[in-house]
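The chain below stands alone and is given in structure tokens; this is the form predicted on its own.
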Amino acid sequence: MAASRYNSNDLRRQVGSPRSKGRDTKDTLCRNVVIYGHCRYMDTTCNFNHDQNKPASGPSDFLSKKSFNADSPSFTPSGQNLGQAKKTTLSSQAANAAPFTPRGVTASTQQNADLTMFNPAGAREFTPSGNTQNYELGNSNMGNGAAQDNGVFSDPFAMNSMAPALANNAPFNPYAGDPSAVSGAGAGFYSSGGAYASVPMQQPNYHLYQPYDAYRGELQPWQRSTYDYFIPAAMREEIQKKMFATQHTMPGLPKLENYHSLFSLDTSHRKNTACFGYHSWVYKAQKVTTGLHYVLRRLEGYRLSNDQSVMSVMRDWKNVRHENIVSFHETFTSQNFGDSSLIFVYDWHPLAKTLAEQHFSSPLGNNRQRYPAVPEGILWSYVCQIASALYYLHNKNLAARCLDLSKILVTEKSRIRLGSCAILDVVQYDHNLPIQELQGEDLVKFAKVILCLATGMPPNLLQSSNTKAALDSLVKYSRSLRDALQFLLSPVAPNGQPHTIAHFLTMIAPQLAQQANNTLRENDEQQYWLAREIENGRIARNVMKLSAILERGDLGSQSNWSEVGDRFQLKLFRDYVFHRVDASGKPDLGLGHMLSCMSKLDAGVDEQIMLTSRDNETVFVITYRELRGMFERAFNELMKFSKSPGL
């Protein structure tokens, strides 16, 4: 509501205060009536006029009319013409003016006001200036972000865009140093663009637990770092890699009658018939009945014509058990691969490599080049192990026959095993070759394998060259090694007697003794680390038992079972071991203290410790032997209410 023009001094003179006393104010209008419309003191102490219709006294006619009347004229500042409005600086046409554009910016970069909202579909992906490299797989022609110029942002997690790139990569090799090339992993049954080509291989996170060992100079001789309590990092990493390789599966491969979860182990798509006369493929599979993993060697397109041959050969090879021979289990035929296939089942050795992959692997795939020669110490290790395996087979009236660089496996460091045995006995069963002739061929093949490793020549180069010239070139090796190879290459002794593996073992007896010594040394090291892990296993079992007892609550008919009796002291022991704090109240995470206390609890020593409750109201002085008894009683009581066998 607008008010008439007034002067503040006139208002104070003509409108009185309700608390004024001692003055004649009957004709003066009360200020509360003017402002609020009523006065709370009108019946008590206020001496002013409360009737707005009564004219007020004074020289001014300010209150001659109603003070704040709705009919009062609107307030108009002096000096203004009510009939004309003063022109403003900006006219109404300024609203239609063009938006401000900084100097130097062209009109083509101006945007409509309706398009000021951010549109993710119209945003271009960042492209470094001057860099045409594309970081997407399988595409080296387009710059990064060029695929998004059409205004539709592609899903970076969609596997259909990666399938063409993965199909062009190298085939998957679980034994290679970089097994991430997952497209087209090995067999002729499936194509490189199959279902597996679009499935990425998730690598294990064992590298996340790689220890960063403390600087030994900062530790005292009696001090230990955290990782001194466990097996070496390299050994743990190798075991984790083997476990990860055992769990590999590949979609798209068929399920056989007794085996499932097949995974191709072939490192190349090339078909080779040099060894068996048939295309062969290798798979890892899991047996349905036992859950164990095996290796399946499949002969493609083989039709079994004589069942008796398989039965007789399998009977002999199933009984072969030697540490340098991959054990054979069974053979069967299958139509699940779309053809007639004969499958041989062998033991599974994860992350095994062949001698060809170990010493003749070329990144360019060139089989015509020469490779570095193998040191003599490793050669003697191979010679002794192969000779031991052949001696075992020849005494059983068998022959290895598959002595080839691509069929001899390296399962651990310098540990080899003869693979693919018994296959040629089935495939060439009708040849009826004498066993003595086959055993003589084993010695010659044995010598050629060692000669390839010593000269660095692949088998195809060695076959095309003079074997005697290659043997004479081994001048950097000892005389005993050259004599051993010469013995193997000569089928008949000077007296006319054929050479046997037993004669060869007597010839290399000193090297056999050295090899046995090295084996025992490695066995002692393995036993040492195994003993340390046994202690860790016992501690882990006791921690699980203690966790099952504490914080359980009610058990049976007893309420709050884990907080009373012996369990309360075990709870204080838990705080003593795992919840310690230092003088400043910070957590004390000393691993040595935890391992020491849990080991003493497991042994039940007579050492005394003091257990204190968190409120410092209860203190126990108790021995580990007494705690051990409480621990066993509490867990035995817990097992009475459990249906599981326990720990």
Ligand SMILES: Nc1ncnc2c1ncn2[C@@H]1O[C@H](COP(=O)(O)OP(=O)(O)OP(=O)(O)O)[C@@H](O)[C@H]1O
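Numbering starts at 1 and follows the sequence shown. Only a predicted model underlies this, so the values are computations on that prediction, with no experimental measurement involved.
Another form exists, predicted together with this ligand; not displayed. Remarks below refer to it.
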#### Entry: Contact flag, residue 401 vs this ligand in the predicted complex, heavy atom cut 4.5 Å
no
### Task
Report whether the minimum heavy atom distance between residue 406 and this ligand in the predicted complex is within 4.5 Å.
yes
### Query
Would residue 326 show up as a contact with this ligand in the predicted complex if we use heavy atoms at 4.5 Å?
yes
### Message
Within 4.5 Å, heavy atoms only: does residue 349 come near this ligand in the predicted complex?
### Response
yes
### Message
I have 282, 297 and 353 flagged as a candidate spot, so tell me whether each of them has a non-hydrogen atom within 4.5 Å of this ligand in the predicted complex.
### Response
yes
### Message
Counting any non-hydrogen atom inside 4.5 Å, which residue from 312, 518, 272, 463 sits next to this ligand in the predicted complex?
### Response
272
### Query
If you check 488, 265, 383, 342 against this ligand in the predicted complex, which one has a heavy atom within 4.5 Å?
265
### Query
Which among 406-414, 242-250, 564-572, 437-445 is in contact with this ligand in the predicted complex, heavy atoms within 4.5 angstroms?
406-414
### Message
For the stretch 511-529, I need every residue with any heavy atom inside 4.5 Å of this ligand in the predicted complex, listed N to C.
### Response
none
